[in-house]
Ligand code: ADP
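As structure tokens, one chain now follows by itself in the form predicted alone.
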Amino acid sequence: MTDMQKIAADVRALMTTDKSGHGFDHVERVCRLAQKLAMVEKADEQTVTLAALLHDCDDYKLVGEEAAAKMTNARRIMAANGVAEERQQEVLEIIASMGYSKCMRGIRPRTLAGKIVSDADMLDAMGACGIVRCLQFALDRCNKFGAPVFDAATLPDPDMSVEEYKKPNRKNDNFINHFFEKLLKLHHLLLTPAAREEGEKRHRLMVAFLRGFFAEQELDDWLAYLENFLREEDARAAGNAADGRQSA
């Protein structure tokens, strides 16, 4: 029988030094969220838990593109803890189909377990925890590259290519811009009904935070930018949904 506690301990040891918002506290929250969604959606809990625990072990932001593609850490941890080969392959397929940069390329999970873990990961990038993680990541970049937390003169680029998005030191990448380039889009990308319900709550909290942030600094142009962005994203999502219904 697979020892989930031992696997969790192995993941904790691997990720304990992360300061970018992708540490073991993030993994634990994703795991809890995924398990709750699995109960609602009637998915295989062991596969969901395994994929949630291992989903960031080989994240390209932490280990680089080459190691991420090989999923070396996830493979090693599962093999060392006696995970059956068939379940290993299912978990690796889930991990390989997760992440916002993959979503930008049209790569999404195919299985119910994969959709649930992907949703849980995206939910943890939203709401109050998402705001804290975003700031944590921005401060980590500030320490590494001298990047600002916010620059009122530098607008976001919400339509950037995936190659541009993945650059480690983009000049316009900062705490506030990241909301427009990723976080405010996530509620439209959730795949299961239970996650979409929770996602709307977390989305509204992020919007309220940004409105307050811009209002306190009397940044009327940024407030207008936010409201226009929200209208355009909702219209784009409605159009995509209509296209999906027509092609079904």
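Since we're looking at a predicted model, the values are computed, not measured. Sequential numbering from 1, following the sequence displayed.
There is another form of the same protein, the form predicted together with the ligand; it is not shown, and what comes next is about it.
- By the 4.5 Å heavy atom rule, the three marked residues Glu41, Arg110 and His187 all fail to count as contacting the ligand in the predicted complex.
- Checked against the ligand in the predicted complex, the candidates Cys134, Ala96, Ala147, Met104 yield a single residue with a heavy atom inside 4.5 Å, and that residue is Cys134.
- Residue heavy atoms within 4.5 Å of the ligand in the predicted complex occur in exactly one stretch of 151 to 159, 171 to 179, 67 to 75, 88 to 96, and that stretch is 171 to 179.
- Interface membership of Glu198, defined by any non-hydrogen atom within 4.5 Å of the ligand in the predicted complex, is ruled out.
- Contact annotation: Leu183 falls within 4.5 Å of the ligand in the predicted complex, judged by heavy atom distances.
- Of the heavy atoms in Ala125, some are within 4.5 Å of the ligand in the predicted complex.
- At a distance threshold of 4.5 angstroms between non-hydrogen atoms, Asp56 is in contact with the ligand in the predicted complex.
- Of all the residues from 143 to 167, the single one having a non-hydrogen atom no more than 4.5 Å from the ligand in the predicted complex is Tyr165.
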